[in-house]
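To begin, one chain is listed below as structure tokens, in the form predicted on its own.
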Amino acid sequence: MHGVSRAATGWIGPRRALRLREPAVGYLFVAPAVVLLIAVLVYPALTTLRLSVTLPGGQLGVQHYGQLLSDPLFWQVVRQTAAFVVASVSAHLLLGLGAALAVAGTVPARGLFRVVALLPWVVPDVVAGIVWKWILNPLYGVLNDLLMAGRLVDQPLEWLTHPSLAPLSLILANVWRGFPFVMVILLAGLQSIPQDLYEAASLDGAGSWARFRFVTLPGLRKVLVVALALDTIWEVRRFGLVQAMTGGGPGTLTEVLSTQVFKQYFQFYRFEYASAMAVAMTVLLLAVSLPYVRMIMQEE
């Protein structure tokens, strides 16, 4: 009996048993994240999709989408969201690129400049909105005091209630809040460009503008696509800053898609209509992210 091999008796050593249990242990470690993902993302998404096609009486249909397409307020909000996103993302790219070039170059006190430039990004949306609401207050806001002290205006401006100034004020605050995000992405791209290219361009007699045009911009092409796609997605979803500063006012002149979905759902209790609007917003975001997804898939 002692001469029978362990393999013949079906005995499995501890190392072999451990290897057999490794896949199960891996699934066990991943399970909490999967459950959290389903609870936070998958279940709400499926619920929203179901509500968007639910009619009175529990029947299914797409009437809410038809109502959405014929709603003048919805198209007004879409136009305002587009203007808000285009202006914000354009300014983010310009300021972010300038700040990234300054940090990557020989700007004085580069470490301090980097910290100061990143500060707006660490401020939460709602806090940034409240701070800018104080700054732009017509009675005790510091911006009106500075403008009047410099004799640029004769009386305080109603920044957040004037029909023309309110959207511009919102974009101004959002540009200050969001450009460090683009700066960090572009700074990583600048640091990945080989310095040999700049040295070769200098030896060929290229000036600063020529090096920027023929070395920096081509080297940042993919990074710019990433920054543009991610920043656009963030700005379409922007909610806290808008809600804290204007709440969509005056009237509906600063409403964006995210605030309108919130109001339709939590203030007007039009759950199905708000869900249809949220689904339309998701489709828009998917369309915006396609260039980024395509680029990532091509690299893989």
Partner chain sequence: MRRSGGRLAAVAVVAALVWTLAPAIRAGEVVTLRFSNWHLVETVWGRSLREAIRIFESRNPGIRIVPEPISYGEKEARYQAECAARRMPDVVKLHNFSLAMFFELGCAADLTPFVQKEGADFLKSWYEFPIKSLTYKGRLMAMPGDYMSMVLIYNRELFRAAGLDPNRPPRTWEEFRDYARRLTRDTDGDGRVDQWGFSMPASKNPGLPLRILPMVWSFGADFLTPDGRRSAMNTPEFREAFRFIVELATVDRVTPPGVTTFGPQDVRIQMAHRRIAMKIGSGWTYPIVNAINPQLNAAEVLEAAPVPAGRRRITAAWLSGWIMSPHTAHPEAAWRFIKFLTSKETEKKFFEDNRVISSRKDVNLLPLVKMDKFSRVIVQELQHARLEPQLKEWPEIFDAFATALQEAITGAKPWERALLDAHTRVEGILARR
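Numbering follows the first chain given and starts at 1. Keep in mind that what you see is a predicted model, and the values were worked out from it rather than measured.
One more form of this protein, predicted together with the partner chain, exists but is not displayed; see below.
Contact annotation: the partner chain lies within 4.5 Å of heavy atoms from the stretch 138 to 146 in the predicted complex, the single such stretch among 94 to 102, 109 to 117, 175 to 183, 138 to 146. Highlighted residues Q67, L160 and F271: every one comes within 4.5 Å of the partner chain in the predicted complex, counting any heavy atom. At a distance threshold of 4.5 angstroms between non-hydrogen atoms, D231 is out of contact with the partner chain in the predicted complex. At the 4.5 Å threshold, heavy atoms of Q267 reach the partner chain in the predicted complex. In the predicted complex, at least one heavy atom of L253 sits within 4.5 Å of the partner chain.
The partner chain in the predicted complex comes within 4.5 Å of a heavy atom belonging to G249.
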